[in-house]
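A lone chain, given as structure tokens: the form predicted alone.
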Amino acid sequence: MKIHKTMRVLVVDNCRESLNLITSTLEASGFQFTAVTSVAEAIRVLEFTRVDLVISETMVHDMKGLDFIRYMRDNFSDLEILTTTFNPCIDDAIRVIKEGANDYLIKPLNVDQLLSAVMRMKSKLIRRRQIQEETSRKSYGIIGESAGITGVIDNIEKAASYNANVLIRGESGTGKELVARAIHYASERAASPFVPVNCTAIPESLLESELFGHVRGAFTGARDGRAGFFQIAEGGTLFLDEIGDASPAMQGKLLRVIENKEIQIVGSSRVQKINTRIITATNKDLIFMVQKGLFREDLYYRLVVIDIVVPPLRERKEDILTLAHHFMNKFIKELRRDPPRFTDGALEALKNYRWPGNVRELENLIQRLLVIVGRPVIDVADLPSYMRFQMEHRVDPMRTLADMEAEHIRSVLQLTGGNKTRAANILGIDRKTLREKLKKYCIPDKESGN
């Protein structure tokens, strides 16, 4: 996690006098800050902008202060939270700290006390992030040690060092957005917003408004002005996912923005310069789409200054068990249960499966197994049927049917740890028939349980 010399602060207060005092103190001390007067605005800032410290009045008109503290602690655990109030009360102070605030100041605010509290929190934040950085590998949250993933991490470091546009290619579920976030937070733009946008989710009728924002009265129903994605991501990164699904209109507008480094807000004649890095991602073959006239060639070459390919899970089999272990540790904390043990056969099945849904499919499977299987051991029989029967092996067209049957029986026995009852169930035969086939194919009949 990158440590920044300047801490970014969010100030939430509906008292204009207090808001001015806090922001002027922060500005004089060189802190970057955003000031809002409602919790709704604060939540929107938190969703799109990296914030280190929140200074919030305990009672803001659209949400109780304790509820807001609880929301921040549940969703943004790395925040430092400083609360302020006009009504000092020991019980209130205890409740605020218990809900997750780090400090508590009484209004009217004293500038020296305010600045002292902010500096204490800055020191605490820096120490915590130093510990996190020292104790974790420089992997940007990407799990795995395969050659493919090592190459992706190397490319993230290179991309973070430059300001060029990046195209991330890979199948669905491989973690393209994770790579985009890693590039952003490893770069000098990390203190500014990372804004993810799914290109397929923008209706054609709202395209310009969503991308560039609009002023009040720009069109029917525009009762208030609204910032667009480019404005929200100012100074940071705009991540356009599924760029291969972008409409021709969106492709054209995006090309003009990249070329001119400016946008025009809907309903305004004013042109606004922008400083936003663009990272795109796709699971489609854009070169093929360019050849078929489905994607603009000039836009493609603007987007692919840096090209990063995220390998599918089937090409990084050595990472499968590491990822499974990672997801298990993640979900057992939520479920508050002891981690189950996977049998050797179950682990082998995980490694041999082709994972069309990639890392996302593996994560969903681990969560489902932890929820559904209440036993301390997860075996092959607990896995989905499509996974049990997709055992990978080389097929020789010159082999006899008997040879293939014998190999399949050996594989199933290996997956079940020699348990003939389960092996027979998977094979769709009874134990007697299985014993006969073991004898027929000279497969050792080791008693490993029922």
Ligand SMILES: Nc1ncnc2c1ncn2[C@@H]1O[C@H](COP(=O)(O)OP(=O)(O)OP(=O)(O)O)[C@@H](O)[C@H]1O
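Counting begins at 1, following the sequence as shown. Since this is a predicted model, take the numbers as computed values, not measurements.
Just so it is clear, the following notes concern the form predicted in complex with the named molecule, a form of the same protein that is not shown.
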Which single stretch, out of 295-303, 319-327, 375-383, 245-253, brings residue heavy atoms within 4.5 Å of the named molecule in the model of the complex?
319-327
Consider the chain as shown here, without its partner, and state which of 345, 173, 213, 193 has a heavy atom within 4.5 Å of the named molecule in the model of the complex.
173
Contacting member of 258, 178, 126, 227, with respect to the named molecule in the model of the complex [4.5 Å, heavy atom]
178
Residue 272 versus the named molecule, in the model of the complex: is there a non-hydrogen atom within 4.5 Å?
no
Look up in the model of the complex whether residue 360 has a non-hydrogen atom within 4.5 angstroms of the named molecule, and give yes or no.
yes
Answer for residue 241 alone: is it within 4.5 Å of the named molecule in the model of the complex, judged on heavy atom distances?
yes
Considering only heavy atoms, tell me if residue 165 and the named molecule come within 4.5 Å of each other in the model of the complex.
no
Sequence-ordered residues of 186-205 touching the named molecule in the model of the complex, heavy atom within 4.5 Å
none
